[in-house]
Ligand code: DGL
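The form predicted on its own is given below as one chain in structure tokens.
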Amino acid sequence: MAVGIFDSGLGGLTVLDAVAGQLPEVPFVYFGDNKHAPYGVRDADDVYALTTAAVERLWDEGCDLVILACNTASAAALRRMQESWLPPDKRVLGVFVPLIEALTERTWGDNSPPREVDVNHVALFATPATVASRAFQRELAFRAIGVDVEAQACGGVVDAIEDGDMILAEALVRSHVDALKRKMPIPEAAILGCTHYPLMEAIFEDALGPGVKVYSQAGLVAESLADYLTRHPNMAGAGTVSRFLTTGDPAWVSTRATQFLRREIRFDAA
């Protein structure tokens, strides 16, 4: 029973760490498309083609269930995949819905009509492609009314994190938060809409200031996946071995991943 986790680069490792802690008995196969990262500056058709190819590779590893631990892929490709491409015996899940359910205080599967919620002013920090897709606003509109979302495209942050330049990443985060606050001076909540951003969560919190609740995805996705597998045990695939795969240079990616998670990670060529 293996579950696939896909990201364009290393950001999905934050999700992997959380779900592996929540489900230690489940083997996970991680696929990083480092050769083509970052996805956040690509158009929707390009993201769709790259994402479907990666998911098919994870199916080859015995993963009938794949988590798109990439907000850009979830925003630009997931709905199209589910509507016209996905075979009936496979599942691909994104990372937006658990976050929105937490924000709107809904339980999984609550499909009741949209209603008013306690939070009315929300800041969304994400890649340019995720912001352009408006996928977060679309999913939120299914569940809540009266919520003003101000989105900030955080160009350069993913590249800086992938390159290990955390000084530049911090400077960029603070610059993007300043830009957001010029448009929405007093957000009540902030969404970190990229799986790289949990590494900068403390910087976001400091730049946003007290009183702003920051929602990060890794733990919420882990809880949602555990619940999903309890309800759908048949979706645990045939794979039995945990692996790390990359389209990039395995040695370079392994070094970066080890620094990323602060434990030794070894990637193989995909």
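Just count from 1 along the sequence shown to find any residue number. All figures in this text were calculated on a predicted structure; none of them were measured in a lab.
Keep in mind that the form predicted together with ligand DGL is missing from the display, and what follows is about it.
Asks: Name the stretch, out of 256-264, 243-251, 20-28, 7-15, where some heavy atom lies within 4.5 Å of ligand DGL in the predicted bound form.
Replies: Heavy-atom contact with the partner occurs in 7-15.
Asks: Would I191 sit within 4.5 Å of ligand DGL in the predicted bound form, counting heavy atoms only?
Replies: Contact check for I191: no, nothing within 4.5 Å of ligand DGL in the predicted bound form.
Asks: With the partner left out here, check for me: in the predicted bound form, does some heavy atom of V158 sit within 4.5 Å of ligand DGL?
Replies: Yes - in the predicted bound form, heavy atoms of V158 and ligand DGL come within 4.5 Å of each other.
Asks: Would you mind checking 111-127 for residues with a heavy atom within 4.5 Å of ligand DGL in the predicted bound form?
Replies: Heavy-atom contacts within 4.5 Å come from T127 alone.
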